[in-house]
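The chain below stands alone, shown as structure tokens; this is the form predicted alone.
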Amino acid sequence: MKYVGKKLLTMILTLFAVTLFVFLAFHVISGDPATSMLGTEATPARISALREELGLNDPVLVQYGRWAVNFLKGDMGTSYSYRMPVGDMVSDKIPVTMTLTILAFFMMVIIAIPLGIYTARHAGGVVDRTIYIINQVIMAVPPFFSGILITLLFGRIFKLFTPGAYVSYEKDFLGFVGYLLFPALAIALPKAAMAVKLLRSSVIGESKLDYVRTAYSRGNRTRDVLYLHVLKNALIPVVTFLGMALADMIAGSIIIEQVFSIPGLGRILLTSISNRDYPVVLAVIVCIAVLVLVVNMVVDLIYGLIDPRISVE
């Protein structure tokens, strides 16, 4: 409980620092929400009146304090651009981003674990070297470019999906998941390539330790030694990486959602930044930060369960 309490306190302090930094950053960069909202109808008098209405003439820290108090009460504010509750806008996007992230994570695990074990068992072979080269190429390609290539290959050439024809989860859940498989693949591939390389190195390193030779001397088969002894220890650094990768995928979905025209948190975030829609930006940042921090905390707990020698304290 003490460990969880410390983690929760760290999460609160991190959220405070992140939101304050974002709030201050928006007041430093050029651009005015009132001007963006009024568009061609903007006049000095109307801009001044709208700024007063929105409370934008108050000191920055006063504005932040007002936003923070309202947020803690469950009020995320009202969107400057859409004139609707931010909570309604964000809650509709969270399932999209989370489904995309979860699909990408499972794809990464399904690809990385078998390939990592196989390349470790056949280190130096033709297949191992081929996979190594492919991994290097995949790691060098940015996810957004992978998304473009996947769109071209599976969308335009093989016609397995229609690029841009997003299907809402409320209308057709299977169609929704089917469409997200391809952007999820774009997110998963670079992380899977890194995980394969890490697992391969970890298995090979563990295989050279004394306890493995002892296991072989007792008559254990290679397969038993690998799965009952080596793999358990080799997975410890990999689990840490997978947790970090999952957290990174949540943030990485922002770019992929733009490539595949997916109306998730990432897409609404970028649109709101362009429109200087501070309430929406802050709400999305908080959602992403909370998801990332929760994932990191869960990974730390799992890490301690996998290796009893490590205390969560």
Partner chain sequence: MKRKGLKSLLLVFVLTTLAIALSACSGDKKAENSSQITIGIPQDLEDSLDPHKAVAAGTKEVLFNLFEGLVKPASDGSFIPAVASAYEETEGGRIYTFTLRDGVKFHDGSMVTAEDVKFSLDKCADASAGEPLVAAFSNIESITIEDEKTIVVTLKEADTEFLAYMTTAIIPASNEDPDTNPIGTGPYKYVSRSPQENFIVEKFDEYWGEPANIENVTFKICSNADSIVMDLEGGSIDMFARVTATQAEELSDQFDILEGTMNLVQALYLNNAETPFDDVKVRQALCYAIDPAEIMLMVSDGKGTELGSSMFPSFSKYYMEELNDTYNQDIEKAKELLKEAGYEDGFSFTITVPSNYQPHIDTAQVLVEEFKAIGVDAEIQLIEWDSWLSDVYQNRQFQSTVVGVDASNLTAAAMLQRFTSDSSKNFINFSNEDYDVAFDKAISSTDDKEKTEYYKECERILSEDAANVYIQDLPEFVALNKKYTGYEFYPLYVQDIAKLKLAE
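All values derive from a computational prediction rather than experimental measurement. Numbering follows the first chain given and starts at 1.
This protein has a second form, the form predicted in complex with the partner chain, left out of what is shown; the following refers to that one.
Visitor: Quick check for you: of 210-218, 127-135, 185-193, 172-180, which stretch puts a non-hydrogen atom within 4.5 Å of the partner chain in the model of the complex?
Guide: That would be stretch 172-180.
Visitor: My question is simply whether R276 lines the interface with the partner chain in the model of the complex - judged by any non-hydrogen atom within 4.5 Å.
Guide: Yes, R276 sits close enough to the partner chain in the model of the complex that at least one of its heavy atoms falls within 4.5 Å.
Visitor: Might A42 be said to contact the partner chain in the model of the complex, defining contact as any heavy atom within 4.5 Å?
Guide: Residue-level check for A42: yes, a contact with the partner chain.
Visitor: Taking 4.5 angstroms as the cut-off for heavy atoms, does M98 touch the partner chain in the model of the complex?
Guide: Residue-level check for M98: no, no contact with the partner chain.
Visitor: Look up in the model of the complex whether R156 has a non-hydrogen atom within 4.5 angstroms of the partner chain, and give yes or no.
Guide: Yes, contact at 4.5 Å.
Visitor: Could you spot which one of I204, L103, L198, V225 gets a heavy atom to within 4.5 Å of the partner chain in the model of the complex?
Guide: Contact check passes for L103.
Visitor: Please pick, from Y118, F241, Y166, F71, the one residue with any non-hydrogen atom lying within 4.5 angstroms of the partner chain in the model of the complex.
Guide: Of the listed residues, the single hit is Y166.
Visitor: Each of K7, T10 and P237 having a non-hydrogen atom within 4.5 Å of the partner chain in the model of the complex: is that the case here?
Guide: Per the other structure, none of K7, T10 and P237 touch the partner chain.
Visitor: Can you name the residues of 71-106 that have a heavy atom within 4.5 Å of the partner chain in the model of the complex?
Guide: The stretch 71-106, when checked against the partner chain in the model of the complex, contributes S81, Y82, R83, M84, M89, D92, K93, L103, F106 at the 4.5 Å heavy-atom cut-off.
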